[in-house]
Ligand SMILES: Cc1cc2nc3c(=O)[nH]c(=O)nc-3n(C[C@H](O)[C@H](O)[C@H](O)COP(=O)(O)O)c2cc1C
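What follows is a single chain, given as C-alpha cells, in the form predicted on its own.
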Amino acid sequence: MALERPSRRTTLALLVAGGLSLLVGRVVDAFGPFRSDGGERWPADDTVSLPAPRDQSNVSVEDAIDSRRSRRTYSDRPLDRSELGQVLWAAQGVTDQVDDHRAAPSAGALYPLELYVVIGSPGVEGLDPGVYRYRPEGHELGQGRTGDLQAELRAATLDQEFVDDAPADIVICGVDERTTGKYGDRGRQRFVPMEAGHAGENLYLQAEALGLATVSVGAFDDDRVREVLEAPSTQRPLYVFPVGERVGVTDE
C-alpha cells in the first residue's frame, strides 16, 4: 500500500516545530536551574567573579613535578582570591573559549566533574565562609550554603584535622550520567575517576607553582560530604583537597 506524501505545509510545520524544540532545549540547558544529565545548577544570581587566571609562571613544569608533595600543614594566612581562582582554573578551567576545552582532559569532551569550595577560617580574602561551586565557563563561583562548614566536612572525612585547618577545601565530584550516556558503565567505572585524577594532579602542580600546600583526601563518607555541599544525589564525591599557604615539613 502506498503511503500518502505529506504536503509542503505539513513538512514546513514539522521543521519549524523541530527547530523550536531544539532552540528551547538549548536555552533551558544554558539558563535553567536544572540539567537533565544530573548536574543541577545553582541560581545564577549569586555569583562571585574570580581574577583572570595567568598562563605564565616562573616555575617550570619540571620544577613543579620535582617538588610536588602532599602537605598537611597550613599557615593562618587567608588565601588570595587570585590563588583560589588559579588553582580552580588549573583543575577544570576553560583554556579554549572557542571549543570549550579545559585544563584537564575528558573522555569525549563531556566534562563530568563539578568542583566545590568549602571556605572556612582563615578563609579567602573577600569571600564569606560557606560553600561555593566553580563555574568554569565564566571563571566564577556560585554561592550555596553560608557559614563555616569546615567542621562538618572534617567529620565527613573521618575527622582528618587538616581538612579543618586549611583556609579552604576543594571538593571534586563526578556526574557519571554525563559520561555513561556515551560510554556506558565504563564511563562510571573508569573514565570519570580517571578524569578526577587528571584534575587532581593539575591542582597539585598549580599549588606547587604558587607556593601553596595541598593533599588529596579520598577517605570520607560520600553521603555526608554530599550533605555538606548540598550536592544532588547524582553527584559522586571523589576527592577533597585542603588548600593553604605552605609551612612546616613535607609529609610525603
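A quick note: this is a predicted structure, and the numbers were derived from the prediction, not measured. Counting begins at 1, following the sequence as shown.
Form predicted together with this ligand: not shown, discussed below.
Every member of the trio 68, 215 and 239 reaches this ligand in the model of the complex with some non-hydrogen atom inside 4.5 Å. Here the chain stands alone, but in the model of the complex its contact with this ligand, taken as any heavy atom within 4.5 Å, falls in 70-78 among 135-143, 176-184, 89-97, 70-78.
In the model of the complex, at least one heavy atom of residue 162 sits within 4.5 Å of this ligand.
This ligand is not shown here, and in the model of the complex it never comes within 4.5 Å of any heavy atom of residue 61.
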